[in-house]
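Only one chain is included here, represented as structure tokens and corresponding to the form predicted on its own.
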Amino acid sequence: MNLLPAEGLLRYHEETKHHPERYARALGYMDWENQPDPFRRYEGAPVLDLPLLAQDPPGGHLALYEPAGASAPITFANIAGFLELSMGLSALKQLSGSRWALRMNPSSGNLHPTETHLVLPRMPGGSAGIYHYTPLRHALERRAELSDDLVQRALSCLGADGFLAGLTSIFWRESWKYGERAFRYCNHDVGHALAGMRFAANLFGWRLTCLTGLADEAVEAVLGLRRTRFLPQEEEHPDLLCLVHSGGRGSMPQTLPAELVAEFARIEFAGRPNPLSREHVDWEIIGRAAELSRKPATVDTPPTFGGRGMIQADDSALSAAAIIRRRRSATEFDRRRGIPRSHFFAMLDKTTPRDGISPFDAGLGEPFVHLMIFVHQVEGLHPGLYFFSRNDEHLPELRALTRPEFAWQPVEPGLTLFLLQPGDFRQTAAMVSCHQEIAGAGAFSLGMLARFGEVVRREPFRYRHLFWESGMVGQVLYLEAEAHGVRGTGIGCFFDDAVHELLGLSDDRYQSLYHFTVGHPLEDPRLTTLPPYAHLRGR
């Protein structure tokens, strides 16, 4: 166990908890003059404009989870479609002369700390190279030209065709608003983006595999982060590299050889990062947490989950691509309306890891996150406090740690859902989510409870991965809500220890990392919605 980094991260987690009498530290006001630009550009880098999809890929609702057809060829046009449906814009919103963009991948406060980079082989229409995706323009900026031999050797080491996709985070984008708690939210957003890419890959018949064996230092080397002159506080921090590929479901190495990474480390990079803000606030606690959670090289074995079938009777009338495009974050719910029991079960079922089923087949690791659920209005279920297990190996420990009066009554055969305590929990749900009414106004809300202290002490970098897993669960719930005619929203503001007290938890063996709520949305009639790329007409 690496106790020094682990204890520092556990201290960060404790210090950034919200409490009813004291919230985590933030600036305390909105410094609009310094709001970060939500779009990174690499000025001076050659730009390759990408085509927008003339027609969405085929496939119904369940094509999000399993490919509906054969693998599409890996071409610039199909890569453009993959980016459009994972990291691109979903709409433009307008109110009183102000206009802003929404994206396929959600983000706390719509601030979008996550950036996307690609390592592409040579193909018609473009050379082999390392590219940065700019969603506002739907274009690739070529940061480095590579020999196709280098890219092919990397792919050969991984045993597949395809390309590499990398994610990085700019912490300042979130800390501008959320202060010291922003490191948590940035990692939620990585999980949302990772799941979004995995779902989009399915629509082209592709797979996505996380290269979880790589050290952060290797990700930096491949993407040129250390060889880029970022402004202080505007650096991109390495998250992970993934292989996007066609082919079967066999296992593959989840790393690259050191000598190959060393070749990437010698490459020259082009483009100057655009300034995001005029001034910055240095939240040193975030920098320390990022350093303490840096990932070393590891030897990872892809997890196996089993092949239990999904609930099939819940299929939506919407196509998979339409569900992705419709995803929004709700801001208010209709308290009078609930959802059918079958829809509720189907949403929970899709968060269960399964072999070969998106998004948890990406190879991130063992599932550690469970769902503590406040059921408010689900037809055929008693309102109350429920628990949904995503890893049954943890159940004996959880039952021993939580309140002895909980019933742990099974609800539905084949679904690891338990009623803990019946009753009206609307006010409780709102209270533990920083008194936000939306948590108590919908059909249900939940807290994501992660196995925590032992995991972080054993491998400190898993601190970030626990938030990634939470974000991936959140992305499933976002899309499942849209598929079933309702809407979800992630909640990052909650009173951590009030949740633990509600369950009877008294130490750090389990911690609540993310909240989420689902219901029938009430739309704001003042808002105008425009097509996502209306500003590119005639390009």
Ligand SMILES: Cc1cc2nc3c(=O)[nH]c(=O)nc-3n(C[C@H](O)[C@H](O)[C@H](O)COP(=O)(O)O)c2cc1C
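Just count from 1 along the sequence shown to find any residue number. All figures in this text were calculated on a predicted structure; none of them were measured in a lab.
This next part talks about the form predicted together with this ligand, which is not shown.
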- Listed range touching this ligand, judged in the predicted bound form by heavy atoms within 4.5 Å, from 121-129, 414-422, 223-231, 183-191: 183-191
- Just to confirm, Tyr514 within 4.5 Å of this ligand in the predicted bound form by heavy atoms? yes
- this ligand contact at Arg451 in the predicted bound form, heavy atom, 4.5 Å: no
- Message: Taking any heavy atom pair closer than or equal to 4.5 Å as contact, tell me whether Pro67 reaches this ligand in the predicted bound form.
- Response: no
- Query: Any chance Asn110 has a heavy atom within 4.5 Å of this ligand in the predicted bound form?
  - Reply: yes
- Query: Of the residues Met431, Leu136, Leu102, Ala72, which one places a heavy atom within 4.5 Å of this ligand in the predicted bound form?
  - Reply: Leu102
- Exactly one of Val476, Ile491, Ala63, Leu50 comes within 4.5 Å of this ligand in the predicted bound form through a heavy atom, and that residue is Ile491
